[in-house]
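This document starts with one chain, in the form predicted alone, laid out as structure tokens.
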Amino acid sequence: MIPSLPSPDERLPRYQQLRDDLVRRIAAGEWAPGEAIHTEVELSTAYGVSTGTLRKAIDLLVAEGVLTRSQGRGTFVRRPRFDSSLFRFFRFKSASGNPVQPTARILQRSVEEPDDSLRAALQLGPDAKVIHLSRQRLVDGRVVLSEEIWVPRDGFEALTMLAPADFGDLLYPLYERLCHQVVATARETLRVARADAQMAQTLGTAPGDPVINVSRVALDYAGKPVECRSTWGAADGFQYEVEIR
């Protein structure tokens, strides 16, 4: 039996209240990414609303990219694919000249007090801590990207007990499998800077050479921030690509 809406905001239209409750349930893991939600008839009956009202709520979530419809099969929780999104910006080739995605290496892991800007970005309480990962991405043993990553300790505690060698190359599937935290959307900001001596040494460039920084805040289905990430790469590997329709 589907529960009634928890303390709905009566100022909102009923379909918006339904939308908010459905996304809360998706974020809580009631339906996993790639899994079909209940049918519109089942949901409308359980919520005690018309099918048309329920469909308007579903339409909102489809438009927002939370759900996707499959003709004849049902409505599914969309599974985003963000671990390859950096490679819209950076293109790498192996020594043989073939396109390749870098491997990953965890350099450091620590539990820290976040500074004010990180606390605000992750919407953390005054006593909350973060897990900080320093990571490098490599091609043929050469560092091509340098990353600093922060996640809330609450919800990601399992990462503190994982051997660095077991993190693998893709973090978001690890978050989902080990911590039951799903990244649904992300905001990214790009900027150009000059490499300082340490960054130049890491990326194999000269001090003062241009480097690209991609700052990302990743969010779950309910819009709650679950990760902050800062990625640096040499500008000579940078290529911006966007499709306009």
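Take the two forms, superpose them, and find the largest set of C-alpha atoms that agree within 1.5 Å; that set is the rigid core. Note that residue numbering follows the sequence shown and begins at 1. A quick note: this is a predicted structure, and the numbers were derived from the prediction, not measured.
This next part talks about the form predicted in complex with the DNA, which is not shown.
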Though only this chain appears here, would Tyr15 touch the DNA in the model of the complex if you measure heavy atom gaps against 4.5 Å?
yes
Looking in the model of the complex, any heavy atom of Pro173 within 4.5 Å of the DNA?
no
Taking the DNA as it sits in the model of the complex, is Gln71 near enough to touch it, meaning that at least one heavy atom pair lies within 4.5 angstroms?
yes
Does Val49 reach the DNA in the model of the complex if we count a contact as any heavy atom within 4.5 Å?
yes
The DNA in the model of the complex: contacting segment from 181-189, 24-32, 63-71, 208-216, heavy atom within 4.5 Å:
63-71
What residues in 18-41 sit within 4.5 Å of the DNA in the model of the complex, counting heavy atoms only?
His38, Thr39, Glu40
Would the C-alpha of Gly74 be classed as shifted by 2 Å or more between this form and the one not shown after rigid-core alignment?
yes
Would you say Leu18 moves its Cα by 2 Å or more between this form and the one not shown, aligning on the core?
yes
Would you tell me if Pro210 moves between this form and the one not shown by 2 Å or more at its C-alpha, with the rigid core held superposed?
no
